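Before any questions on how it binds or moves, here is one chain, the form predicted alone, in structure tokens.
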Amino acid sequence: MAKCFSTLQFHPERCDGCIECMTACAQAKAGTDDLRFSRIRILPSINGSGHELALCRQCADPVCVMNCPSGALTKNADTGVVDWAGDKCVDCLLCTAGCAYAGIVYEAEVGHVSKCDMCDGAPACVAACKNGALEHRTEARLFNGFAEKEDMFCPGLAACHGCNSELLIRHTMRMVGPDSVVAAPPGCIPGMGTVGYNGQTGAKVPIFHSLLTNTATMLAGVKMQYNRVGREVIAVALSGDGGTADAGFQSVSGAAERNDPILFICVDNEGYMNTGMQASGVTPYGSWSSTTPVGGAMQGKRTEAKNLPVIMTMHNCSYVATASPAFLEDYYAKLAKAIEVSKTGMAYLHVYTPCPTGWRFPSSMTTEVCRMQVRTNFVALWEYDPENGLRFTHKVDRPEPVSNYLKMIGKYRHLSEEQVAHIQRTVDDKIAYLDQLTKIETHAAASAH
């Protein structure tokens, strides 16, 4: 199996040119603030409208390594870093001629070439960047750890192009594994062929088609039967927001109140996308849908979305968390906790999964839409359990304006400035409310100890 490696990602739109990253690099590599010793360079862009990055990209097929006649440069098979061996270097500088990113340069102060070595997996430049313009992407460990595990769904599911739901369920069930049983109420997930059609099923584990109204209850009963016959399985619900927040809420609420030992995952694409893009209880204010049209009498949905994850914390079930497919490390960490919790109590995961078809944006933009949800605080990533309370897992202290998110999506194209301002206030109020919950829970936990 091929191996993936961690890397550094540069977000030029967040960079203000403060060069704190360069100072941190010079300190880490030479113990000085002299920027000549920095192995990272922040430069003005060619058109003068921003900043660009000169840094070793640790290329998968490095030209510098191929150009090196003495073998001083090698691609490390364990870390992915392009290593430089000073005792082999002959100072020919052919490596600098071959690098398209100015990632390896001759450093006159020390008399040889220098390049980024990723600081042994803890880049000092990333820690110094206050704006998040530099990001250490470590998702490669997920591929390395799970790529060899069996996909619990067959190839060729009939999902729409760019469907986040398919991405999510494949990742989820790869971790959950074969010792599981799945409930899937009417919606996009069974609609793509997971439950099956024409006498065949798209799942490699037992999967059944519950009703919109009773998914959690049916799943809890199936789990009890497995327990009765002495077989340990993970009972998983893969439900859309309609089968969770609306018709199915009484079932979910009852299971949470009883703390039934199940893992309930709400795949939230903000509406009934499989049956005609109707609005649901978690469809946000202002959204176009087939039941909240845009015209002279109505400008999208008039009411606010239910904050369903927070509602679930009020049930005191064993674990509640929000997640996004664009932040898979965060999701995998929460999923691992949820799987373990579901062996003795109820775990609830609410995953925000944009729908290109129903939301009217290009399928190639799905992951970027997910990212922008979090960057603007339209979606907050947090987790909760009764003992430790609520805590953010990816706090965004300097969010982008919510308008940057709304303008990416066709179902918000009609919004007036007043509506956008209203949504911004709603987002700000939601984050302020979550902040208060974290403080309340932290104080309660401290008092208890």
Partner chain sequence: MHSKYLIVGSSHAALEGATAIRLIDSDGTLAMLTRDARLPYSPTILPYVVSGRSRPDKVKLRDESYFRANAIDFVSDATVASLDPAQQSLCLVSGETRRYDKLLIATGAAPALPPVPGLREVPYHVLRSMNDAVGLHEAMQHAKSALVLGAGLIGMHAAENMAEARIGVCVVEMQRHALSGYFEPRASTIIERTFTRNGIRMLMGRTLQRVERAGEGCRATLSDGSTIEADLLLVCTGVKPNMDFLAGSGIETEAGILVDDRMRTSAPNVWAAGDVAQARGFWGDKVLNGILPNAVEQGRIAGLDMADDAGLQPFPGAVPLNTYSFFGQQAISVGRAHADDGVDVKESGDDDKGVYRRIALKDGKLIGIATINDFIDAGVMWQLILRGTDLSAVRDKFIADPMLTGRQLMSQTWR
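Here the structure is a predicted model, which means the values were calculated and not measured. Positions refer to the first chain, counted from 1. For the two forms, the rigid core is made up of the largest set of C-alpha atoms that agree within 1.5 Å on superposition.
Form predicted in complex with its partner chain: not shown, discussed below.
Next item on the list: Could you spot which one of 247, 92, 205, 167 gets a heavy atom to within 4.5 Å of its partner chain in the predicted bound form?
Entry: Looking at the other structure, the residue within range turns out to be 92.
Next item on the list: Heavy atom within 4.5 Å of its partner chain in the predicted bound form: which of 404, 393, 67, 424 fits that? Just give me the one.
Entry: None of the other options qualify; the answer is 67.
Notebook entry, point to check: So which stretch, 408-416, 24-32, 48-56, 376-384, is the one near its partner chain in the predicted bound form (non-hydrogen atoms, 4.5 Å)?
Noted result: Flagged stretch: 48-56.
Margin query: My question is simply whether residue 130 lines the interface with its partner chain in the predicted bound form - judged by any non-hydrogen atom within 4.5 Å.
Written below: Output for residue 130 is no: heavy atoms all beyond 4.5 Å of its partner chain.
Note to self: Against its partner chain in the predicted bound form, would residue 146 count as a contact residue? Criterion: heavy atoms within 4.5 Å.
What the structure shows: Result no; residue 146 lies far from its partner chain in the predicted bound form.
Note to self: With a cut-off of 4.5 Å between heavy atoms, is residue 156 one of the residues that contacts its partner chain in the predicted bound form?
What the structure shows: No, no contact at 4.5 Å.
Margin query: When the contact criterion is heavy atoms within 4.5 Å, does residue 231 count as touching its partner chain in the predicted bound form?
Written below: So residue 231 does not count as contacting its partner chain.
Note to self: Using a 4.5 Å cut-off on any heavy atom, which residues of 93-118 would contact its partner chain in the predicted bound form?
What the structure shows: Residues within 4.5 Å: 93, 94, 96, 97, 99, 100, 101, 102, 105, 106.
Notebook entry, point to check: Do you see a C-alpha shift of 2 Å or more at residue 401 between the shown form and the other one, with the core held fixed?
Noted result: No, because once the rigid core is superposed, the C-alpha of residue 401 moves less than 2 Å between the shown form and the other one.
Notebook entry, point to check: Do you see a C-alpha shift of 2 Å or more at residue 179 between the shown form and the other one, with the core held fixed?
Noted result: No; residue 179 is a residue whose C-alpha shifts by less than 2 Å between the shown form and the other one when the cores are overlaid.
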